[in-house]
Every structure is written in structure tokens, then in C-alpha cells.
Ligand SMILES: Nc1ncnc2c1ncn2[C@@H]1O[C@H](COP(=O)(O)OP(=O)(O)OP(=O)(O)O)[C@@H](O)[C@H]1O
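Coming up is one lone chain in C-alpha cells, specifically the form predicted alone.
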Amino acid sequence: MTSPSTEMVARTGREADGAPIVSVRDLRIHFPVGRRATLKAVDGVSFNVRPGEVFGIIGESGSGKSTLGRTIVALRKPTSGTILHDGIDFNALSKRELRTVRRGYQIVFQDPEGALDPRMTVLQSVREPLDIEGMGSAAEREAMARQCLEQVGLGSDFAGRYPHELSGGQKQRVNIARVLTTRPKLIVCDEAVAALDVSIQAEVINLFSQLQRELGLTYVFISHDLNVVAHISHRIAVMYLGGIVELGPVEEVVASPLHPYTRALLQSRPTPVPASMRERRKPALSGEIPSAIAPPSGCHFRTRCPQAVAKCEAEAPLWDNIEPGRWVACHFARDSVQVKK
């Protein structure tokens, strides 16, 4: 699939409002597999994220969304393409310069327990980034850590506890407090609520929203759960097999999806009614996501798409600006828009 140029991206939707905090340009992240094969985890992705925005990324496991998220915060280097952070290319910086500027770009991982050292108290874990960077005096670092714990709803009585004494939701709050200590501009939330109970998920999502309002944060919110992403995001990028197949404002994408994969994800959402009252329908998607080592020719989604024709096998669809602020990679997207009109 052909991605839009950065100039094209910058003219759409919320992206017309000021300079982006992150600009991803034709990003590719490939991994060698064996002697000759290559796994194309992310393959030609472009988008901008604006200050104060919640940019949602949705897709099945294996779509490349987590690899993309880790690369945004410089935990991985891209194979090609660039990511500009406030106009700065991290790859052009020295190690010392990178260490300083990357403080503004943090990540919250999926497994709250795995992200914490079981030998460290809550206060020690939250204070650790400040200790590593040597920011301020010891007293100032402890005061900052305690303040961040308060911001995520954990009082001073949690400071001396260890991870095994906390619930899953409390552990994730500790992880959120820890990333807040560096006063980040942007936080990547990589399936940050997926491991939590449903009731706790809602609490943590509300916490993210509260922190955004209070601290002016920007999020890249990654999830396989469309309900979660739709609840918190301003815009959604739908990923499939390393590429973005649809991008647009959340309300429009959910109300009138342009790509068949997006429609399938919407149809797959569970219905909150008793089983006896649910309509029986065929599964929205059949089969599993193909291998990123040997993706299908043409449109990568064609092997699972009910609309696929010979053209889908022969030609990759162009990344098309169908409507203001809306992009899609599908040969038939314009036909569906005309039908709706």
C-alpha cells in the first residue's frame, strides 16, 4: 500500500492545527528471519500526531501496532523512513542528546506486573527515572515521586508497598506515575488496559483522560479493542499486516467505515445483551492474519475480504484521501462513498 506524503497528511483534519508533536514518514521496520527471509512488521506508514490529541491505533495481534509504538519512543530504530519529534530526528542525535530529549516520550506497557521490579517499593519504582537521570536533590526526587503517586490516585500509604501487595489496576497506576516523573509530552499506551478486569479498565481509561486534561498530555493509544480506542481517541488509524488501511476522526470511522477490515472489526464487537436476544450472524472475519514474512500480493487484506476481485490480487490499493480528514487504502472505497451519498 502506498502511504501519503507528509505534506498530504499535514493538510487533513486536526492535523491542520499547528505543528505535529510526532510526524511519522514512510516508516518501515523489518526484521531478518533466517538467512533470506524478512519479517515486515511495519511497512510504509505515515501519519502526524498533534499536541493534545489522543491518536488511536487499532488492529489484530500481528498487525505491527506495538512495534510501531515502541519505535515512536525510540525503543527500536526504524529500518527506513523517519520519525520527527517536534521536528527533531532522533537518529541524527548523539547518545547524550538522545538521552535528554527522549524523556519527553514515554510508554506504558501491557503487563503492569512485568514492568515493575518485585524487589523495589512503589516509591523506589516511581522515583527510579529521576534517580537515573540525577534530576534535582534526593529530597526533590522523592517529593516529585510522591506527587506523581497522588496524581494517579495512590496515597502516601502505597509508597512503602511492594508489587505483590498491589492489585493489577494499582500496579498499572504505579507504572503511569513513573512515566509522569519525567513530565512527558507524549505517552504511548501499548495495550495499557488489556490485562486488567473490565471494571478496572474503565477506571484507568478515565485516569488517562483526567491526566490529559490536567497536564496537557498527548497519547498514542494502542489496542486490539475497538471499544476502548473509540472511547478515548480523537482519531483512529486501523492497522493490518504492517500498514494503515484507514485513518480518520473516531466518530466518522465508527459511524461509516470505508475499509472492509474496519467494518469487520466493528461487526466483531461484543453485543451487551443476553445471549438469548442476540442476532445470529456469520463471523465478520474468517481465517487468521497472514504472515508478515510472506504477505499476500496486491491488497494484503484480500485473502480475508468478501469484496476481493482479481484487481485486488494484482494491484496494491493507493492511500486515498476520500473525504476531508479521511484516508483509506481500498479499490472500492470511493464506490461505497458514492452509494452512501
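What you see is a predicted model, and the numbers here were worked out from it, not measured in a lab. Start at 1 and count along the sequence shown; that's the residue number.
What follows is about the form predicted in complex with the named molecule, which we do not show.
- Residue-level contacts in the predicted complex: of H234, R76, R183, R161, one residue has a heavy atom within 4.5 Å of the named molecule, and it is R76.
- For the chain shown alone, S286 is not a contact residue for the named molecule in the predicted complex, no non-hydrogen atom being within 4.5 angstroms.
- Mapping the unseen interface onto this chain, S66 counts among the residues with a heavy atom inside 4.5 Å of the named molecule in the predicted complex.
- Though the partner is left out of this view, E60 does reach within 4.5 Å of the named molecule in the predicted complex, counting heavy atoms only.
- Shown alone here, L39 lies within 4.5 Å of the named molecule in the predicted complex, counting heavy atoms only.
- For the stretch 176 to 198, the set of residues having any non-hydrogen atom within 4.5 angstroms of the named molecule in the predicted complex comprises only E191.
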